[in-house]
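As a starting point, one isolated chain is supplied in structure tokens, in the form predicted on its own.
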């Protein structure tokens, strides 16, 4: 063995080599295992905050303000800046179960104002319900916007501008985005903690689907579905680079989400400035293995962090708040560890 190999911090012992060989013999290619191992060890450090919040009557603004203190670089962007809050607003029936709760939106609005934002606006482009005004009223968000004297932008109808895709997994070359999103100093994703019948889980990265304008891509934005949901999620997020996420996990949804699932009283708020790390943590809270969610593993090549060993946990630990979310049969594999997971942990 060469001296370079002997001094390599990631060199294989005979025992590790045999474990690798056994995985390969079992149908897992050496190249795939090595690739995953390198990606896991090269992931940047990230920090994710979890707070318990048993109800929407809790002191949510205080929790979000406390959580923001863990992210000084985000606070620097907020001071004097324009913050765009992007909630998940999809349908008006069972409004609080399928949408980001208005209390979470209001708490985030107040927290970013208190942190020194020049302007905080709320914006969404619903992909399912075309009547956004009806959706605002029936969901309860309209009342919050009036009480807070907050501006709302319908991203489906806003003026749009082309953006060249840096990743281009969809092969679209460019995508059009609303002016309100492109003009924000900080985009904050405010998703609901839910399973999803096409993507497996819908969290802060998937929530950015609502920034794609219906005036260009129609309803329910099927062009992006045809070009691949996971591919579209990565392309959208790499083009817009949202800088913070706050997941409404006080009430989550399991089963046939994002619309027809059952409520889970999960009792958490999850936040952070690395959306991939936030979603990986949220998936673990749901009892899912984030390494099994395609768009999360795709984000590893673009600076995202999934490896729990690279995520510093603020507030509660995942173990203290974990729930067992039910998934539909086609996504049962999300509840099973990937074949290389235990191997890379042992390297």
Partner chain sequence: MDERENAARKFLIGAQNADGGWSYVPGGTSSPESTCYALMAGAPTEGACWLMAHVHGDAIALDGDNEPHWTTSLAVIALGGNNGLQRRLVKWLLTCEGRKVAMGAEVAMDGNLRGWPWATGCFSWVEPTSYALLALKLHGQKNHPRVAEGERLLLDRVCADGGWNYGNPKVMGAALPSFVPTTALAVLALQDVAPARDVVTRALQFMNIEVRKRPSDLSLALAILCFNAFGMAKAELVEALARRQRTDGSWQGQVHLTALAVLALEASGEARNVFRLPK
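A quick note: this is a predicted structure, and the numbers were derived from the prediction, not measured. Positions refer to the first chain, counted from 1.
This next part talks about the form predicted together with the partner chain, which is not shown.
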{"query": "Stretch from 72 to 80, 181 to 189, 123 to 131, 231 to 239 whose residues place a heavy atom within 4.5 Å of the partner chain in the predicted bound form", "finding": "123 to 131"}
{"query": "Heavy atom of residue 118 within 4.5 Å of the partner chain in the predicted bound form", "finding": "no"}
{"query": "Partner proximity in the predicted bound form: residue 260 to the partner chain, non-hydrogen atom cutoff 4.5 Å", "finding": "yes"}
{"query": "Partner contact for residue 160 in the predicted bound form: the partner chain, 4.5 angstroms, heavy atom", "finding": "yes"}
{"query": "Touches the partner chain in the predicted bound form: residue 145 (any heavy atom, 4.5 Å)", "finding": "no"}
{"query": "Partner contacts for 215 to 242, taking the partner chain in the predicted bound form and a 4.5 Å heavy atom cut-off", "finding": "215, 216, 217, 218, 219, 220, 222, 223, 226"}
